[in-house]
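Take a look at this single chain, the form predicted on its own, given in structure tokens.
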Amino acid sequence: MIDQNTEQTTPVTTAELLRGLVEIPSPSREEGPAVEWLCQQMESLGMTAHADGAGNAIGIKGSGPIEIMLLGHIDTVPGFFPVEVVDGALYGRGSVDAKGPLATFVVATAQASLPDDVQVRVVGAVEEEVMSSRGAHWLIDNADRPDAVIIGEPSGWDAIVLGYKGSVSFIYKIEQGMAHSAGKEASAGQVAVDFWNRVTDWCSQQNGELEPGFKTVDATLNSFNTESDGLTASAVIRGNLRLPPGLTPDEAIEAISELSGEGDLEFTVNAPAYRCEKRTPLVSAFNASIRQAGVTPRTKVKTGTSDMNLVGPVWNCPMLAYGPGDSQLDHTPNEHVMIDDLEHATQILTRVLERVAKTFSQAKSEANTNG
């Protein structure tokens, strides 16, 4: 039976909702005003909405025991710039990463017709862009395991993402007495450079002949600084390791620690790599809905991280990431999403929610009958 309370009370397009959302700056740990505004918009669209204990924006449609969670994030990296529409593209911080997918989640949920025993929970999580991932951790500790999860990240409207690499950040510090440039003793800067070269050599050994991508471990040098007071000199390297499936953060930390020499190391674990199952009702629904739009669906894995890395191993349910936008524009001063792509994604996701909800509802009904 279809829930008849599906008509949205306030007509809105995904582009209109997204524009309002990106006009409210919400860098990590400053999401409050955007959360409040989004909750108001979700209520106007007929959903029940509130901010949870972590400050996540929560919108719920339906009240059945079967739950489909749409887990996006409402925070952005810093760097606000004017919001504008130019040549069919909406420019603004977060338009791609990841307010575009979040706006798509809200409008598609409002439009979808759901069986009485299914609810959709939209989450605009906080602090996804920083190592704390406070919103996702709160859900892990406090929310019930959903029956399926869609992560809100840019995939392109005709593609889904089934995996993200893991991530470990580190700070390397070396401090020693001043060394003369003409002397035999290596300077603090040179010691730090030698350490970094050992790290990249280790990555090359692990990767063998593999081309850089989802299956390789990759090191990124984020910053390198040296200083001295005339008596002592120091050097600091801030770096990051992107980890493939099969290489855990603990294993990477152990390996890099053995390369540190006289230096000190501090590590911050973001998350291990995670890859979703491909044969699920969720993947099938997306493939069918994308084909219905007249294109061939694409499947991707990403070298970055997302909240999938955290919730996936805990919830172990059908999961993937989806959202309009080109991830190459993440965090850039040129961040923008095509308005047509927003509408394509909304139509596809609406059909996906209806397909998956019907599949899960029928399976539950059959299980009850056979039980």
Partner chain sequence: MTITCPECGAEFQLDSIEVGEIIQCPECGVELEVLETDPVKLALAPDEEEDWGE
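Note that this is a predicted model, so its numbers are computed, not measured. Positions refer to the first chain, counted from 1.
We do not show the form predicted in complex with its partner chain, though everything after this point is about it.
Residue-level contacts in the predicted bound form: of 72, 272, 92, 154, one residue has a heavy atom within 4.5 Å of its partner chain, and it is 154. Checking 313, 64, 46, 304 against its partner chain in the predicted bound form, a heavy atom within 4.5 Å turns up for just one residue: 304. Partner contact region in the predicted bound form: 146-154, out of 146-154, 254-262, 191-199, 113-121, criterion any non-hydrogen atom within 4.5 Å of its partner chain. Proximity of residue 79 to its partner chain in the predicted bound form: non-hydrogen atoms within 4.5 Å are absent; the residue sits far from the partner. Proximity of residue 268 to its partner chain in the predicted bound form: non-hydrogen atoms within 4.5 Å are absent; the residue sits far from the partner. Contact between residue 288 and its partner chain in the predicted bound form is found at the 4.5 Å heavy atom cutoff. Although the partner is absent here, residue 83 lies well away from its partner chain in the predicted bound form, with no heavy atom inside 4.5 Å.
Applying a 4.5 Å heavy atom cutoff to its partner chain in the predicted bound form picks out 275, 278, 279, 281, 283, 284, 287, 288 from 250-288, in order along the sequence.
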